[in-house]
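Listed next as structure tokens is one chain, alone, in the form predicted on its own.
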Amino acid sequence: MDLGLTGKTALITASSKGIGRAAADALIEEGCQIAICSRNKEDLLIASSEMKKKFGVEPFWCVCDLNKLKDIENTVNVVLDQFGKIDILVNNCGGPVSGYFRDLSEENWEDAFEQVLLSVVRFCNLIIPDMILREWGRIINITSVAVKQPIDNLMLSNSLRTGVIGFAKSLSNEVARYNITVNNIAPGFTLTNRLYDLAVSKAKLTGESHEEVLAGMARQIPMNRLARPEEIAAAVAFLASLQASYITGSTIQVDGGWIKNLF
């Protein structure tokens, strides 16, 4: 299937590793011009080199701390200077610190708010006006299955990623008339550094090894395995496509059947 993305420009945040990197790979394979960002310059250099070797195209990259408004403004500005437009925005970020309610400080809440929710608002605020002028755009937010079924010990993620869902649904109604879609992807347990860190954290609480924790996660899933980042990225590519032009305001779980509810 031709997704109709040749020549489109995509900005993917937190994209030097994991799901963000896989999304960048998927979109570059579909013919998109790619801009990636991360707060770690070394990770960006490695990712850029690997992508150039794999695809023969070097992505544009920019250092960006999602908790800093100036970094976000700079990222959008330099990408627009480079490509002249941003057709596709993939809002991705690392997970906030794990913990139960009484484990978390006000600073933890403020950091998570900026990282998870406010970064999405800020990028959208800067990019949507041009999408409206050109009457075309795709906004895809990477969230978590926690927005549909909260996960123990992830109070911050459960709370703030759900806020992204509410924001996206409201925004989708406002911009639909301009041929701009806004959707969310809710990944299940996926083989990333974040999942490894969560497994290590849980192992400290339970006395298990982190390998046992990961195996236990896999057993919860009807497919009896963890997801690969590339499987999440495939959903990103589809939602960015011309074929997905009538899908907006939706949250699509990619979880191997982990969520049990009907809606």
Ligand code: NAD
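When you see a residue number, it is the position in the sequence shown, counting from 1. Keep in mind it's a predicted model, so treat the numbers as computed, not measured.
Keep in mind the form predicted together with the ligand is missing from the figure; the text below concerns it.
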{"property": "is_contact(K202, the ligand) in the model of the complex, heavy atom dist at most 4.5 Å", "result": "no"}
{"property": "Contact flag, T251 vs the ligand in the model of the complex, heavy atom cut 4.5 Å", "result": "no"}
{"property": "4.5 Å heavy atom contact, S170 and the ligand in the model of the complex", "result": "no"}
{"property": "4.5 Å heavy atom contact, Q115 and the ligand in the model of the complex", "result": "yes"}
{"property": "Three-residue site K85, R122 and A240 fully in contact with the ligand in the model of the complex at 4.5 Å by heavy atom", "result": "no"}
{"property": "Listed range touching the ligand, judged in the model of the complex by heavy atoms within 4.5 Å, from 75 to 83, 181 to 189, 162 to 170, 100 to 108", "result": "181 to 189"}
{"property": "Among the candidates D65, E58, E29, E231, the residue which, in the model of the complex, approaches the ligand to within 4.5 Å (heavy atoms)", "result": "D65"}
{"property": "Position in contact with the ligand when the complex is considered in the model of the complex, options L195, V213, A235, M51, heavy atoms within 4.5 Å", "result": "L195"}
{"property": "Stretch 24 to 55: residues contacting the ligand in the model of the complex, 4.5 Å heavy atom cut-off", "result": "S38, R39"}
